[in-house]
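Take a look at this single chain, the form predicted on its own, given in structure tokens.
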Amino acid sequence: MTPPVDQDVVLKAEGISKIYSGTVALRHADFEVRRGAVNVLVGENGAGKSTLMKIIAGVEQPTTGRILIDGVPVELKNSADALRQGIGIVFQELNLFGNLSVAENIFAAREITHGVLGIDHLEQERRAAEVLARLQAGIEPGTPVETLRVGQQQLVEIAKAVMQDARILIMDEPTSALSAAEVEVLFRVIADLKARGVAIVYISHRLEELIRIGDFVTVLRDGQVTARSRIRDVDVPWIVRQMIGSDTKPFAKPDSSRHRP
């Protein structure tokens, strides 16, 4: 008998392994993504986080293992396949066209057109202005991207992903170039997306940040999953211990004041 599908799990990676020219980047990794929640993926550099995310986003294909969406196995041969399944990603490396406007970047490769007249730039700018207002970005949609500072460009990347109406949104180090005020805005946007049922996959080295906004955490070490838990049941020392695999250094007792209600 087929086991029942957990209705909260929108995506499941099962037994994912990835080998590059003899180097094992992932080894039989399992990862569950729950809808309406921030699903934290954490690990040291080289632990396999980005590789797993690229596989879920269709950028890379696994050597072994499979991806299931709503309990059904799917093949994600490229990013277009992933997008059709409702998977969006905000890469840590900016992927913008500096010579194009903010609106043109947000709608790149999925331009709004009106028949034989071509691209509807006014409608693109109107919709871009709406999402930029939600992000409180303070950016005009007609601004050339190359004139923006790095933090603002990161917000444009996030706006691109939000406009795709993804039901699974991967954020790889999204706050790395943001100011403290921009981080607070991003967290409010994430809360809004959660309320709409969007599943957020969140990667960051800022552990206190993860404790603050995460709901579930999965820890990778050397390409393998070493632990998973609800965030409310753990603290930063627990995460560090799972990341580095050290039991020799004593850690403070979990501080209940850090736990989410």
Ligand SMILES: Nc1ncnc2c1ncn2[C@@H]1O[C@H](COP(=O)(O)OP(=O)(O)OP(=O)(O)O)[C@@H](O)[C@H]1O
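The numbering used is simple: start at 1 and walk along the sequence shown. Computed from a predicted model, the values in this text were never measured in an experiment.
FYI, the form predicted in complex with this ligand isn't displayed, but the following is about it.
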query	finding
Contact segment among 208 to 216, 40 to 48, 189 to 197, 63 to 71, judged by heavy atoms lying within 4.5 Å of this ligand in the predicted bound form	40 to 48
Contact test in the predicted bound form: Ala25 vs this ligand, heavy atoms, 4.5 Å	yes
is_contact(Gln164, this ligand) in the predicted bound form, heavy atom dist at most 4.5 Å	no
Exercise: Gln136 in contact with this ligand in the predicted bound form, heavy atom 4.5 Å	no
Distance check, Ser176 to this ligand in the predicted bound form, heavy atom within 4.5 Å	no
